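Next up: just one chain, as structure tokens, the form predicted on its own.
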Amino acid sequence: MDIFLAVGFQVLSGIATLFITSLGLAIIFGMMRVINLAHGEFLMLGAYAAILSARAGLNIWLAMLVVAPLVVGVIGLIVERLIIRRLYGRMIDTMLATWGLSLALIGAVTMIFGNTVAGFSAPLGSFAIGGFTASAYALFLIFAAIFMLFGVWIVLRFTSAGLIARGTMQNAEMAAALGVAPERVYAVTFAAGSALSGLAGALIAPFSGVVPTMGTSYIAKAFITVITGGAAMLAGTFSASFLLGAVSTFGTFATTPVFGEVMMLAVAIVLLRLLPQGITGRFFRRAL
């Protein structure tokens, strides 16, 4: 019985990690239709922001939960102003621009910090599941994923800022006629998605270790998750994270981590073959 509880906990942890690392991308792609190939590097910048803040003496929780999203949110705002704003509606151009940005960020961070692995120990210690030991920080990640899911849903569903953002993305001309500045909404939305990516990078840093190329480990899985989820941004990302995260974790336990990721990719391919518009193209169509 203990082994099933321990494996179940690890599955939930894998689902939470996949959702956390995909949410920022889901905001930017789902609302703005911008393919941000620098998403992995935004994760990396958030992780480095947290590490540097903690080394400077700041409380580790403030470093992860406050400093990292603020720093990466500001970087995202600058990127939107200087690059993305000129490329709306040109999907291939945004892919090329953000790919170039990702290479530039990797190169810059490598020159500054080198190629060595940085990081900090996971806080909160551990707890027992029968005869097994589990990380209490992994439990925190599960609750963090739940909080992020409902937090973003509440903002988009019930606040005026969320309603304005959704309305602008659906019909920018009508929003402008009603006195809303679409360019400001675009900038804030991109910055918010970037901030969530920075938060995700800081949250996973204690488990993953931090190197300039760490984003490459997450960008493909995040895109697979968002595309598999379909049009409904939150419901799709959560449902795809639940399915693919469970498959990957079970595959890892049964075989190896590499084969677990192969199984996740295979399930995503089959699912997209059966549901070309993603999970929420068939189910949860009216979900957010």
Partner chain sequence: MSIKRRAALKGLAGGLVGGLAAPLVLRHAALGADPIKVVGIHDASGGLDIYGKPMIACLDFAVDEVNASGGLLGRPVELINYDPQSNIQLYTQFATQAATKDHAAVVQGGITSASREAIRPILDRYRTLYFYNTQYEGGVCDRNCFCTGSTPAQNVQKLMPYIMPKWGKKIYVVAADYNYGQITSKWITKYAHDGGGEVVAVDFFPLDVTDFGPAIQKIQQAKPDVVISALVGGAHVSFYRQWAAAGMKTRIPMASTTFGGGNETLILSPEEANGIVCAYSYFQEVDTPANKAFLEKFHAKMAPNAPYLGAELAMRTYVGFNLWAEGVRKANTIERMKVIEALETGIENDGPPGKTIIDPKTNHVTLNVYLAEAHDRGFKVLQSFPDQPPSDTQMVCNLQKNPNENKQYIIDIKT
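Just so we're on the same page, rigid core means the largest C-alpha set that superposes within 1.5 Å between forms. Positions refer to the first chain, counted from 1. What you see is a predicted model; the values in this text were computed from it and never measured.
Form predicted in complex with its partner chain: not shown, discussed below.
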Counting only heavy atoms and a 4.5 Å cut-off, does its partner chain in the predicted complex sit next to every one of Ala122, Ser135 and Glu261? yes
Looking at the partner-bound form in the predicted complex, is Ala6 within 4.5 Å of its partner chain by any heavy atom? yes
Any of the heavy atoms of Thr256 lying within 4.5 Å of its partner chain in the predicted complex? yes
With a 4.5 Å heavy atom cut-off, would you call Gly209 a contact of its partner chain in the predicted complex? yes
Hey, in the predicted complex, does Leu163 get a heavy atom within 4.5 angstroms of its partner chain? no
Heavy atoms within 4.5 Å of its partner chain in the predicted complex: which stretch among 215 to 223, 233 to 241, 61 to 69, 35 to 43? 215 to 223
With the partner left out here, which residues of 178 to 198 have a non-hydrogen atom within 4.5 Å of its partner chain in the predicted complex? none
Val258: with the rigid core matched between this form and the one not shown, does its Cα shift 2 Å or more? yes
Leu58 and Val117: do their C-alpha atoms lie closer or farther in the predicted complex than in the form you see, with a change of 3 Å or more? closer
With a C-alpha distance change of 3 Å or more, do Gly57 and Val117 lie closer or farther in the predicted complex? closer
